[in-house]
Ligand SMILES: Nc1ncnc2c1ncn2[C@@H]1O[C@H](COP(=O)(O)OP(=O)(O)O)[C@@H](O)[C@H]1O
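Take a look at this one chain, the form predicted on its own, written out in structure tokens.
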């Protein structure tokens, strides 16, 4: 079953096209990552999907509801955490959660139970009596995300929810989200600039650039499609300027000056390139201080896909 269906969706601000004829289908019961550089159209698309703004063209179906005809019906079934901080300064942490439950007409008994559960799950128990204005940015962000779980929802939009969180709090939040999706079957539409988060959390990922969807796939399939290159780095302490001409003739080989010399190989044929370089170093009696090989990660794939997209538009 599809949770979100978009067809030929466009949104412009004067002469700036923020979302450009986008087609997208998001299946229910998954964490769907939505990645892109700043200004790519991520926030605009989220505002369209959450009915905060109207498109210029195209259709939007969220949870089987026509977003253009019945926006209020959609708002009853979704949760939204945007990038902007949202809190009432003089409310305590627990009162903030309870008030949010009241706004959603959650039964008093259930409201109390969920408040306690969320205080524990988000490690807010020790600061439950503190006013929101006295919290750190990371603590406020945890409350902002936690309170969204005071009500039942089928779809949750999280726009960079881990901003300000330390590594431990970030991982606990990601694990909490994973568990919620598994237990309830809800769908999470998730944006982040931390690519390791997307790789750890998301079942599928879409990459947007210049208002257009470039690709949609699982993290593993993205690696299979775009990540066949490997990166190999060779560090030598000697000056190898005399070898530059030889090395420059080898494709996919780059020389960097950094406390000695680092030879970096980016290649889908890295083993062959590596053998050629080792042969040249051996012939010239140059010792290797260190050698490392790294598989391509999602961040490198993201940078490559976006760079290729920019190049094709120029």
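The structure presented is a predicted model; accordingly, all values stated were derived computationally and were not measured. Numbering follows the first chain given and starts at 1.
The same protein also exists as the form predicted in complex with this ligand; that form is not shown, yet it is the one meant from here on.
Q: Select from the listed residues 43, 269, 30, 276 the one whose heavy atoms reach within 4.5 Å of this ligand in the model of the complex.
A: Residue within 4.5 Å of the partner: 43.
Q: From the list 121, 204, 83, 92, which entry has a heavy atom within 4.5 Å of this ligand in the model of the complex?
A: Contact residue from the list: 83.
Q: Can any non-hydrogen atom of residue 291 be found within 4.5 angstroms of this ligand in the model of the complex?
A: It does not: once this ligand is placed as it appears in the model of the complex, residue 291 has no heavy atom within 4.5 Å of it.
Q: Could you confirm whether residue 37 comes within 4.5 Å of this ligand in the model of the complex, counting heavy atoms only?
A: Although this ligand is absent here, residue 37 would touch it in the model of the complex, with heavy atoms inside 4.5 Å.
Q: Using a 4.5 Å heavy atom cut-off, state whether residue 16 contacts this ligand in the model of the complex.
A: Because a heavy atom of residue 16 falls inside 4.5 Å of this ligand in the model of the complex, the answer is yes.
Q: Counting only non-hydrogen atoms, choose the one of 65 to 73, 22 to 30, 280 to 288, 43 to 51 that falls within 4.5 Å of this ligand in the model of the complex.
A: Checking each option against the 4.5 Å cut-off leaves 43 to 51.
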